[in-house]
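A lone chain, given as structure tokens: the form predicted alone.
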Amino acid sequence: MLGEGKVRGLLQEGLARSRADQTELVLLSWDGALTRFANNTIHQNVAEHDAQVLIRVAVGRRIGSSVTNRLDGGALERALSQAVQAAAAAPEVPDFPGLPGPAPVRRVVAFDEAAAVASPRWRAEQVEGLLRAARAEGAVAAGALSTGVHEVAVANSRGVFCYHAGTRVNFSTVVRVDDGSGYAERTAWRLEEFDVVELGLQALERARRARRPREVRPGTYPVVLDPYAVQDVVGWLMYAGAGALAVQEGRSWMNGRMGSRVLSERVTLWDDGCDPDGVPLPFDFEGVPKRRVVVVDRGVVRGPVYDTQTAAREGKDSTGHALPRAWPEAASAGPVPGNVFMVPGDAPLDALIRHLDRGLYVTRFWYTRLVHPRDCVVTGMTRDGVFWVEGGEVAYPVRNLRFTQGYVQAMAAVQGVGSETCLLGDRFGVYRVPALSVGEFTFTGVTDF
């Protein structure tokens, strides 16, 4: 861990070396370790320390960027020079509003000392508890448990300096029993929220139940989606259409639907980078304080999140949702919600299943890809446990199915919301979501996976 004082000095030195009209430096540092297991054996323990400085410069209205993970002054100066050269060769950005100025940033606590100092022994003991249970049942487990500390800092030539340090714990596993498989995953910043053995036992039990799957015909069925599947739905809705750039370019599911009840009134989604029930980060990668933004309120589409440039196009203020501009994905994605929450309901998962007369209970989706952004149409497959429900009871497991489904229409058909939520993550953020009962979901084929 570098610490705020060292980071501040490093970035200020970099700004002093820049020859650009405007300069932005984003530091991302990670001290982490991972214990990986497969075939009921821990086979890898690795530790990593890395720090990157992402550079964005403006020369007039021409923008250039570069990245370095060498933090000495000479390396920073060379990277800054490369960014200036890139800007000189780039076309002008006519609506570039300039870098944001400083604004007060709320301090949030997202640092857990126990997570920061978690040892290889602790991770190994946690994983070994799961592996003993798997061996005893004749099951095979694979997965990974990681712990670490991340630092994020932003400084620019207009006087912005923001710094945040936090911890992160991630666990995922797939457990197989004969031809059945089960899955479990969690993310958190507090170590006390993790019970690796309990999560592994959940995956083991689901694998047992998933053995000897039968085939069901493709078609449109009512479904109960576990939080793992719901995270995929919410994640695609956020990434592929809840940012202002997608709306401004006319490729969002929000276009033409602002202020209308498009989703079920049981669906409320918001983003809050300061909520400790997520993985907090109180500012974005431009150093703008994050605002709480309600994206969907009881089914009504309220609007997207903004970064500085997309906000300026509409005469608005940024909501603090810029991604690092040096990431290739950020150029096309624009601002994206990264700490997403969904209002839970009052029904436990088993109650959602009891209210399903005939349909499917789906654990998670896998290998999903966006087909058409207008309705957030996604194609993918089920994985690690799909079950036929008859008369409100799980009757038997079924083979994995391929689907092509508009996630907007799926969320419009939500009939019930689970009372418990899980915190799950992907590349672009974290999502605290419940299970859902959905009236219609279209499956197009049976897979061999």
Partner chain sequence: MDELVARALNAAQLHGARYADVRVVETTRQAVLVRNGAVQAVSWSEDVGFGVRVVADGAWGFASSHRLEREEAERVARLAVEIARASALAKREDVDLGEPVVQRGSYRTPVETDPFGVSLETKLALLLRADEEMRRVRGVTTTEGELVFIRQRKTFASTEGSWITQEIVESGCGIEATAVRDGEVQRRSYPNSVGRHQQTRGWEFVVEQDLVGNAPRVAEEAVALLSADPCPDEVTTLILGGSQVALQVHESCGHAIELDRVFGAEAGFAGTSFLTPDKLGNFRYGSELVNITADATLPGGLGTFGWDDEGVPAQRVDIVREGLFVGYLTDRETARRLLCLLGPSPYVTGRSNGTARASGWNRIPMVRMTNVNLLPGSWKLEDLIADTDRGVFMDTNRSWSIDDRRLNFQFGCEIAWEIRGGRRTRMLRNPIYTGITPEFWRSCDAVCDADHWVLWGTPNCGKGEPLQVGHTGHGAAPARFRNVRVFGKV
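Definition used throughout: the rigid core is the maximal C-alpha set that superposes within 1.5 Å between two forms. All figures in this text were calculated on a predicted structure; none of them were measured in a lab. Positions refer to the first chain, counted from 1.
We do not show the form predicted in complex with its partner chain, though everything after this point is about it.
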Item to check | Single option in M258, A114, A331, V294 placed near its partner chain in the model of the complex, where near means a heavy atom within 4.5 Å | outcome: A331
Checklist entry - Pick from T379, S157, Q202, S264: which has a non-hydrogen atom within 4.5 Å of its partner chain in the model of the complex? => result T379
Item to check | Heavy atom distance at most 4.5 Å to its partner chain in the model of the complex, all of A38, A47 and R135 | outcome: yes
Item to check | Partner-facing stretch of 274 to 282, 204 to 212, 366 to 374, 224 to 232, counted where any non-hydrogen atom is within 4.5 angstroms of its partner chain in the model of the complex | outcome: 366 to 374
Next on the checklist: Although the partner isn't part of this model, could you tell me whether G445 comes within 4.5 Å of its partner chain in the model of the complex, counting any heavy atom of the residue?
Outcome noted: yes
Checklist entry - Might R399 be said to contact its partner chain in the model of the complex, defining contact as any heavy atom within 4.5 Å? => result no
Next on the checklist: With a cut-off of 4.5 Å between heavy atoms, is A90 one of the residues that contacts its partner chain in the model of the complex?
Outcome noted: yes
Next on the checklist: At 4.5 Å between heavy atoms, is V343 in contact with its partner chain in the model of the complex?
Outcome noted: no
Checklist entry - Though the partner is not shown here, which residues of 124 to 140 have a heavy atom within 4.5 Å of its partner chain in the model of the complex? => result A124, E125, E128, L131, R135
Item to check | C-alpha of P328 moved at least 2 Å between the shown form and the other one on rigid core | outcome: yes
Next on the checklist: So that I can tell if H49 moves, could you say whether its C-alpha shifts by at least 2 Å between the shown form and the other one after the core superposition?
Outcome noted: no
